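Just the one chain here, laid out as structure tokens, in the form predicted on its own.
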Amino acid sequence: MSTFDPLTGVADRPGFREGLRGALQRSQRAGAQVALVLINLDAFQAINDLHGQDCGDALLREIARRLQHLARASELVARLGADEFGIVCEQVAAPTDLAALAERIMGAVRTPVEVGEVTITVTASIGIAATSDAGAGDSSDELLRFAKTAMQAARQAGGDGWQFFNPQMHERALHRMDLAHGLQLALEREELAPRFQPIVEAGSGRIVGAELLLRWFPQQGEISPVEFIPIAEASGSVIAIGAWVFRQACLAERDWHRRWGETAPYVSVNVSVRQLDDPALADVFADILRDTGADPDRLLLEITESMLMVDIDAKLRVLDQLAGMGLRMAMDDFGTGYSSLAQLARLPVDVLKIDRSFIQDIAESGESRAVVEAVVGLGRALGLKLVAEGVETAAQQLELCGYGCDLIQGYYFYRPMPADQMVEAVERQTALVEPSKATGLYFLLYVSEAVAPLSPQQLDQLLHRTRANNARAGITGCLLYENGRFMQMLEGERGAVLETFERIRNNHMHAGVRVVMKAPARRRIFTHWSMLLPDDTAARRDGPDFHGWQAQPMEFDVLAEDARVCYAFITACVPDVKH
């Protein structure tokens, strides 16, 4: 006798299996075709977390009602799991009938559901398999397995879609199963290996850190992390593998600290969403820190925005535990997820990593530059370090330096490398580059007089030449030119600022160069370097017209008599300055 799901009223899993076996027996006698349609609701757990289980239950009841309405009287509708439904279709005439059914199901699921005062919108991933599929025969288990494979393919394609099963899909599923099994044994077989990609100062290219990246070398040859990391996540093997990776990061930190002391690069390591869901994560990491003696302040854990979409409060508790141990945090791939600024402010984050998708077009795309400038400005406002990922050209580096990005990671400087090559790279740097005695963020404000008035063409040449030079040096700030006089504020690493100022002092274009103020800076005020003609600044264009009221122009050298007035004047000329 068929049994029913108490929540939705449709058949439950035992009832579904009984109905599917009966349909297959009837199809063999009649020579007809049976098809199985599996429907999995996308991100249903997030709905439960956001609105509560009662709301989720009401949604399931409404989806079951809609599916029953769509199905023919002879077709069985069942609930197979928490958010999974199935429909057994008999007397299927053609695949186009199943495609039309899948489209109707998608439309019905997408229609918003009203639960009290809450409106819920959900989508589904749908998989379809029929007895005509190779090897399906009359086995209900095999038909269910094929439909589930098709459903998973639809989900991996982004959800909100449907897929027919095909033999190639089955082969890919078997391949994934083989990889999942191999990953369970990878640690025991010592097939995993760390690789380190250096992270460098944006201006100097000096190595200051490295991201640990995992590589897998089974007997059949290296497998891309793009392929095996999602499988490790889905199978749960990422828990053990993630602990091993963190231990490798700790061992590297200890080794590098013994070699280079306080100048040693820090180690950055990725933490997966599956690890954050593990209640034992903080205890495991604490044990590894204790065993290795690693300095948690020199370890950076990278998380992604997408991790915070589900059950953020629970994940925040885990992150706070890790931060309480002294570990630092980085928000990876920033700008590609859905976290709000309110969520970002709640996170114990020290670093923002700008996603490579914004970096690849930064030299040509105004939109990419605007995003990077906004992210840098946000990072500055929150007191965070900025790391740009995926830097592959000199032009990208120059743009990022100009916006005040702190650190850079990408093939333009280094590819991922084994630990011994990482050591060699830092040793070469240590031998070739004497550490600068003039380090730290610094600013300098000066005024000067132009030896001769500058034409519009000369000003344009000065703008482009100086912008390129300052980008290369990691200098941000502002240059003003009015009535034959200059005022400029420079900010960046102390050595770069002083070196730039010496070039200006010795330039034949300037006379009467006078330092108004110079000092260490707590943070950058400007997000990039620019040159302005004060009469054409946004503040003056948008404000009142003072020309008829100003009896005597106030020259730059007069403003320079009071450093506070001079500082206020130059920062007021730039609309997006961060006071």
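For clarity, a rigid core is taken as the largest C-alpha set superposing within 1.5 Å between two forms. Numbers for residues come from their place in the sequence shown, where the first is 1. Only a predicted model underlies this, so the values are computations on that prediction, with no experimental measurement involved.
Keep in mind that the form predicted in complex with a small molecule is missing from the display, and what follows is about it.
Residue in contact with the small molecule in the predicted bound form (any heavy atom within 4.5 Å), chosen from Gln409, Ser272, Gln248, Asn470: Asn470. A heavy atom within 4.5 Å of the small molecule in the predicted bound form is found for one listed residue only; from Met509, Ala425, Val318, Leu192, this is Met509.
At least one heavy atom of Thr500 is located within 4.5 Å of the small molecule in the predicted bound form.
In the predicted bound form, at least one heavy atom of Gln488 sits within 4.5 Å of the small molecule. Looking at Thr466, you'd find a heavy atom of it within 4.5 angstroms of the small molecule in the predicted bound form.
Put simply, Tyr446 is close to the small molecule in the predicted bound form: some heavy atom of it is within 4.5 Å. With the partner omitted here, the stretch from 183 to 191, 393 to 401, 153 to 161, 479 to 487 that lies within 4.5 Å of the small molecule by heavy atoms in the predicted bound form is 479 to 487. When contacts are defined as a non-hydrogen atom within 4.5 Å, all of Leu462, Ile504 and Trp529 contact the small molecule in the predicted bound form. Core-superposed comparison between the shown form and the other one: the C-alpha position of Arg380 differs by less than 2 Å. Core-superposed comparison between the shown form and the other one: the CA of Arg328 stays below a 2 Å shift. The two forms, fitted on the rigid core, differ between the shown form and the other one by less than 2 Å at the CA of Glu233.
One change in the predicted bound form concerns Gly377 and Leu490, whose Cα atoms lie at least 3 Å farther apart than in this form.
Between Ala394 and Leu462, the C-alpha separation shrinks by 3 Å or more in the predicted bound form, relative to the conformation displayed.
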